[in-house]
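One chain follows as C-alpha cells, the form predicted alone.
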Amino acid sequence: MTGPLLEVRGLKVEIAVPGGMTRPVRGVDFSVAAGETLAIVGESGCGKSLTSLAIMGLLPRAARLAAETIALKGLSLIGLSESGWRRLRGERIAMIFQDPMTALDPCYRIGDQMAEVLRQHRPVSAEAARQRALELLTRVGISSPEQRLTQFPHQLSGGLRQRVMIAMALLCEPELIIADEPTTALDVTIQAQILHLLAEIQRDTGIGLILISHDLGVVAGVAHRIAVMYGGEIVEIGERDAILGRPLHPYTEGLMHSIPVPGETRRGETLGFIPGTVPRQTGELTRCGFLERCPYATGRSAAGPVPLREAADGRLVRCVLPLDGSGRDPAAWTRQAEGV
C-alpha cells in the first residue's frame, strides 16, 4: 500500500449549545500508517475522544462534523450511510472504549457478545464463532477462556473486561484500532500489561493503532509518533523521542514538567503544573488558545490565530516562540507551581 492507512484533514466538530455554538475540535490534521502507533494526548476537554468518535461515525446527534478528508485506505468516510458504517465498524476499523463495563452488554454472556460481532461480518457457524472467540481470549492472555465465554461482564475484573474488549476488537482482523484511554480505570500493574499486549498484537498483525491518553508517561513506551491536543487543536505532532526528549510547545512542556521522573525527582520536590483549566471552545479563535496558561506568553501570542510551523526535526508546532527552544527560562514552571 502506498500512502497512509488513515488520513484526516481539516476535521471539525461543532455542537449547538444554548446561546451559541461550541467547537470542541477545530481543524485537526493527522495520518496513521499501517503498523504505526499514533498517540493523541492532552487533558480532558481537549477534543481527543470526540476526534476518535468522529472517525468512527459515532458522534452524538447534536454534533455536526465537517472535514476536508477522512479516508481509510482511500475509502472516504465522509457522508457514509449508516449501513456503510455498520459494515465498516468491527470489520476494518474497531474501537476499544475507556470503560468496558459500559461498552459490554451486561445482559449477555461474553461468548454470545463475541459471536454476534463475528457473525455480523463473517458467514461462519456458531461453533466456528465460538472457536474464534476462544482463540482470541487465549491470545490476549485470559486464563480458562472456556469458562470466561459463559460469564457475564460483571463477573470479570476490570483488567479481564479490558482484555475481552481487545479480543472483540480483533475478531475480524481490522486494519485500524482506536484505543480511547484503555488503561485509565486500571491499576498501574494492569496498565503496563494492557499496553504491552497492545504493542505485541500490533507487531504481530501490522495494524494501525491510535492510542488516546491524558498521560505522556503512559504512551512513552508504545507510541511511534505523538500528537498533543489542546483546545480542540493539535499543538505539537512529531516523532515520540523528539517530543519527549525536547518538547517545543509550552503545553507539551507543562505536561512533561508535571510528571515525576524516576531517579531524578526528589522526595518533597515541587512538580510543575499547568494552572487553570481548558477553556470552553466557543466562538472563533483570535489568539493562541494556550495564552492564559502559558508562562512564556508574549504580545505576539495575542496577535491572531497561531498556525502550525515546522521545526528543524520535522515536527509541527503551533507556537510563536522560536522553534529551536531558545529564550525560555527552565525555572518558569517551578515558579508557577510555587505561585511566584
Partner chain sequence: MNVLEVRGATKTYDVGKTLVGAGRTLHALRGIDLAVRKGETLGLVGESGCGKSTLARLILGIEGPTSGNVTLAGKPVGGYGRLERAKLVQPVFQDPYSSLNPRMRIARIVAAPIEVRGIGTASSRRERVRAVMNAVGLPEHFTEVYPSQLSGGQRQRVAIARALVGEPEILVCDEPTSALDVSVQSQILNLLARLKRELGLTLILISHNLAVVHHLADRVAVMYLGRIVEHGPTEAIFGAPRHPYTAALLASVLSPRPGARLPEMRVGAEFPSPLAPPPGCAFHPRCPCAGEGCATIDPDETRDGPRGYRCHYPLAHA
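It should be emphasised that the depicted structure is a prediction, and the values quoted were computed from it without experimental measurement. Numbering follows the first chain given and starts at 1.
Same protein, other form: the form predicted together with its partner chain, not shown, and the subject of what follows.
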is_contact(residue 241, its partner chain) in the model of the complex, heavy atom dist at most 4.5 Å: yes
Contact flag, residue 157 vs its partner chain in the model of the complex, heavy atom cut 4.5 Å: yes
Its partner chain contact in the model of the complex: residue 264, any heavy atom under 4.5 Å: yes
Interface membership of residue 43, its partner chain in the model of the complex, 4.5 Å heavy atom rule: yes
Residue stretch of 100-108, 124-132, 210-218, 75-83 approaching its partner chain in the model of the complex, non-hydrogen atom distance within 4.5 Å: 210-218
Residue (of 39, 53, 274, 306) lying close to its partner chain in the model of the complex, criterion heavy atoms within 4.5 Å: 274
173, 269, 146, 204 - the one with a heavy atom within 4.5 Å of its partner chain in the model of the complex: 269
Those residues of 229-262 which, in the model of the complex, come within 4.5 Å of its partner chain by heavy atom: 240, 241, 244, 245, 255, 256, 258, 259, 260, 261, 262
